[in-house]
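We begin with a single chain expressed as structure tokens, specifically the form predicted alone.
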């Protein structure tokens, strides 16, 4: 703790520090010389291509991918064309830009993903220089060709090439250029001799940096800050100009006293930076130039690479890696010599407390007297977040915890959150993981992206531990990690299908948010269909199983799964797919093995494809259903001959099915149709298509009683039905004399109460009374009541000595029927005594 400020270097009013991140794992025999090197920001991986322009087929360049700590991730010989530039996308994909304008994209593990071209005209003119940049639209690529033309793609995921206007007088490669992103527009800043131009989609505009001295000479190097807000220009006379990237304001200009063009120039600043600076690197010198015109010099022992970060610069060497950054203000306040800031006093108080010294009380009293104890705790927590060394973090957090004990109303949220975040950051900063994230970078990239990166690099146990430690919901955390793990597991070629399926099931189990069908789909993509089927057996949702099985051409299994699910829509989906994919015979045979599917398909055919339904029945020799089909079809035929032919076919099929009842009923239907046709021709009755009962009703309503009686005899219509039909028909036509004759023709099978009720229904009390005397004794009371004869009903009820009938008559009596009511009451009493 006493030497925390030992590596601080003053720059104007602030300090810069250099912290060692790693001793690199790699062993580079020739260092980083004669190599293309690309390191991704936010502690990303490092790609290294040795001798990129080597063209000998016998000794190909080697492309190597390392973690930020130098641990090897992938390595393979480069078999494509000469590479001009390497860069990383926002998704940690490696972009290799070739001389012919082809951009090849590899994943973190060296697997080829895809490629695209920067334009056909580039093949002839060749790429002289390229840059990979990040914009609000995603990852972009910019190139300059041998014809001195710039081509731009702002988003490689949605490729749209833009050829920028020509630069006046530019021949060959420009002395330097940079990509700018301003107001969601991507532009190119180009230096051509003493001139400076801004290229956009439509124009080339000459610009001049404000305040740049005329003696500065041509601009030979330029650099844009991480946020694209600031610009640095280095001239041939060694002068460095800094200002806003829109070239509206100058920050500073100074003479670096270095005539040689720097190998790299990178901005070093942090959010809310007090003293932004530019880091320039030559072979053996690293120069930090602040906007205050002060400088810091660091000697370099070997060749290095600078990587601009959100809050500093990573310096990658062949032996070690360091982070150069401005010391955060809160850290300066606490650790500066003789600092009296609240955080510094609290840290000192805790030190004395651990020594059991009474000075701790004096420091605390001083803080309390100034009423800044809360500020002191917050300062210690904030400073701990910015420190890279775990021991320094612990000292600050313990001091903050010590100070919290003396506060009654202090929210612990910031303290708890910072503790958790620091534990996560310390875990990912380990050399074995190799992600040297600062707290500022972590907050910018978000926890979700950090987990994605751990998963992408296959640090699954660590990713799961982070998710559980930070209590991330399963569907966003553990389940997502397990899904990615399972998708990678199925690609392992050294394990059997059975072993992988068991391992995936044991690890994933019933984790919410993990779809076995997605994992199975990945297995199928990798050429392991049997493994995919085994994994689908663990999928609980049939709706997820079936589509993949169909894609795999496992139609029988897909149909079985669909039937097991009980989802008719899913069954219909599979059946429709099979119908389109298989020949007719195989399709029908497949359905025969699945009765549920066959039944559903028959329902479908009934509504949509009746002819197919007939073919199904024919193939199955199902004569009963064929007969039913012909009967149903006959109703759709408008011509009598066609209908009779269909019905005759139905009779034949019913006979084959030995269904005598159905055959006879169909034959009688045919007889009825012929009878109806005959009467239609003779009388124009319009009977065709009516049922037997409707035909008889129609005949009677037309007065064709003889023909109705003929049907009654020919079709053996039950007597009761015939009598009811004729009774109703005669009453409705008010043929009362015919009705009376009909009633006397023979004993009525439906009784005579029906005559009474039908007459009353047709409002003829006089006719109704004629039949009351013929009604059986049991129905006499109802008959008398139907015609409104209360006296007769009372006499009949008393004669039968039936209490319920007497009660029914009483209920119909009114106050004016007092004598009748007394008579009934006396009869009820007498009946009750007996």
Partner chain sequence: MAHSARRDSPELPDLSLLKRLVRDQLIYLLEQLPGKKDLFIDSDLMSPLDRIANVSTLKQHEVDKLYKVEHKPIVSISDQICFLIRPRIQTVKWICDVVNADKAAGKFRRYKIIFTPQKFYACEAVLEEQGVFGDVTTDEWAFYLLPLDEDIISLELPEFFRDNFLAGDQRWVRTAGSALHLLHSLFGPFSKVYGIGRCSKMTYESWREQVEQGEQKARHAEIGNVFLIDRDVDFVTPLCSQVVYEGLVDDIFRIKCGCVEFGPEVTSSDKSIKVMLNSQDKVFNEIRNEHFSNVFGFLSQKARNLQTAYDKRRGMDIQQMKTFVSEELKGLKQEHRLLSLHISASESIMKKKTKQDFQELLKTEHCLLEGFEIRECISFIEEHINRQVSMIESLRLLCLLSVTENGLLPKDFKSLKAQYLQSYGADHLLTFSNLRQLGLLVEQQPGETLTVMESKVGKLVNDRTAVKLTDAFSSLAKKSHFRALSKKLNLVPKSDEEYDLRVPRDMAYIFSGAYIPLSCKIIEQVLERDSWTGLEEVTRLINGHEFAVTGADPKSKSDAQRIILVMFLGGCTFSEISALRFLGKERGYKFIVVTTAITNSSRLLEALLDNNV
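Since the model is a prediction, treat every value here as computed from it, not as a measurement. Rigid core (definition): largest C-alpha set, two forms, superposition within 1.5 Å. Residue numbers count along the first chain shown, from 1.
One more form of this protein should be noted, the form predicted together with the partner chain, which is absent from this view; the next part is about it.
Heavy atoms within 4.5 Å of the partner chain in the predicted complex belong, among the stretches 562 to 570, 340 to 348, 736 to 744, 199 to 207, to residues of 562 to 570.
None of 636, 272, 79, 553 but one reaches within 4.5 angstroms of the partner chain in the predicted complex through a heavy atom, and that residue is 636.
Checking 326, 539, 669, 387 against the partner chain in the predicted complex, a heavy atom within 4.5 Å turns up for just one residue: 669. Contact between residue 428 and the partner chain in the predicted complex is not found at the 4.5 Å heavy atom cutoff. With a 4.5 Å cutoff on heavy atoms, residue 163 does not count as touching the partner chain in the predicted complex; it lies far away.
At a distance threshold of 4.5 angstroms between non-hydrogen atoms, residue 114 is out of contact with the partner chain in the predicted complex. The closest heavy atom approach of residue 762 to the partner chain in the predicted complex falls outside 4.5 Å. Contacts between 639 to 659 and the partner chain, taken as any heavy atom within 4.5 Å in the predicted complex, involve only 654. Residue displacement note: residue 295 has its CA displaced by under 2 Å between this form and the one not shown (rigid core superposed). With the core superposed, residue 751 shows a C-alpha displacement of at least 2 Å between this form and the one not shown. Relative to the superposed core, residue 566 undergoes a Cα shift of 2 Å or more between this form and the one not shown.
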